[in-house]
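Shown here is one chain on its own, the form predicted alone, set out as structure tokens.
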Amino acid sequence: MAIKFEHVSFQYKSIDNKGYLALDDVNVVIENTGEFITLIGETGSGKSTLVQHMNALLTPSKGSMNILGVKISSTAKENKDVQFNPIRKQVGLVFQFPEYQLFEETVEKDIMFGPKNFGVSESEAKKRAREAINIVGLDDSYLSRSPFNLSGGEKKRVSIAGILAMEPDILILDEPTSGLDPRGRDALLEVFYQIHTSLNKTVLIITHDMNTVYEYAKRVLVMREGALVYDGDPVKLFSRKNIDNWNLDVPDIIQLKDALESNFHLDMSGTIRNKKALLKRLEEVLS
């Protein structure tokens, strides 16, 4: 067990002192044994607030968390015995907008910043920067470039490399494919999946793209009005009748599979979660 939430609630302060309840009695466990999780829900449902608790950027108003063996409650920030840096090293959070994480004059210095901040030597930080830039699909020539002269997709990759260089056990990404075209989105998702499989990292992605959820996720969490309303298998999620109440779109693959069955009376039985599986099933039924 890496992260455990027990009855966690969080309320943002407001000008009128009434506050806004962003998390409401959340209980969840995230393992660090190579899970691939998607976190979904309407805008304002509490997704970003939830993940900011996972690496202790925010602490609960009520309830408690156990992150990598460190217990954190509402009084954690006043408790000088609670060390937050080890948590933020092992639970890496990539923000939705890469500009929040890029500030150095070169890509190499940006990627090196995190490891050096945690006491890694200059030479080791350089080595990690080269490895991380390659993992995210960019070559060494990017290391000498300014991060501010890169495309949106390249900036996202560099911000991810900066977190990977700290060698976290858990990688959390907030809307990492937003603003990308379909080809760029698919390429970046393959990077995340390779990180998950080849490095055995637990990857958690916040997304509004139900196609991503259905094709890649092994587990899906659904937030609604600050509460965790679903935690389980994506296939079972999209077979439930109440997803309309949660304002979730049906993935394209399911819509296409249903259309083939209803319009052409083809037997598309079985679990089909991506284009490759769909084409394979079509070959079987048409042969």
Partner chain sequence: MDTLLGDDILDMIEIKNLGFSYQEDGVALSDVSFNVEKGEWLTILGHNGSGKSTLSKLLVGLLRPSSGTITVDGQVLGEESVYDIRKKIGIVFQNPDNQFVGVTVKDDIAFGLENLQIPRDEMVKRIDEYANRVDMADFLEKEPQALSGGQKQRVAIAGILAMKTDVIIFDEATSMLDPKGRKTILKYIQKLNEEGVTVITITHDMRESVLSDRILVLKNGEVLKIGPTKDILLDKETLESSNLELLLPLEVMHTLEQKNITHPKLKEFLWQLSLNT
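Positions refer to the first chain, counted from 1. The structure presented is a predicted model; accordingly, all values stated were derived computationally and were not measured. For clarity, a rigid core is taken as the largest C-alpha set superposing within 1.5 Å between two forms.
One more form of this protein exists, namely the form predicted together with the partner chain; it is left out here, but the text below deals with it.
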Which one, V70, V29, A227, A259, lies within 4.5 Å of the partner chain in the predicted bound form by heavy atoms? A259
Only one of S74, N134, S178, T106 gets a heavy atom within 4.5 Å of the partner chain in the predicted bound form. Which one? S178
Report whether the minimum heavy atom distance between D249 and the partner chain in the predicted bound form is within 4.5 Å. yes
Hey, in the predicted bound form, does D233 get a heavy atom within 4.5 angstroms of the partner chain? no
Interface membership of S269, the partner chain in the predicted bound form, 4.5 Å heavy atom rule: no
is_contact(G44, the partner chain) in the predicted bound form, heavy atom dist at most 4.5 Å: yes
Sequence-ordered list of residues in 83-111 near the partner chain in the predicted bound form, where near means a heavy atom within 4.5 Å: Q96, F97, E99, Y100
Does the distance between the two CA positions of F192 reach 2 Å or more between this form and the one not shown, the core being superposed? no
Q90 C-alpha moves between this form and the one not shown by 2 Å or more, core aligned: no
Quick one: with a 3 Å or larger change, is the G179 to R157 CA distance smaller or larger in the predicted bound form? Answer closer or farther. closer
Indicate closer or farther: the Cα atoms of H196 and G153, in the predicted bound form, relative to the displayed form, with a change of 3 Å or more. farther
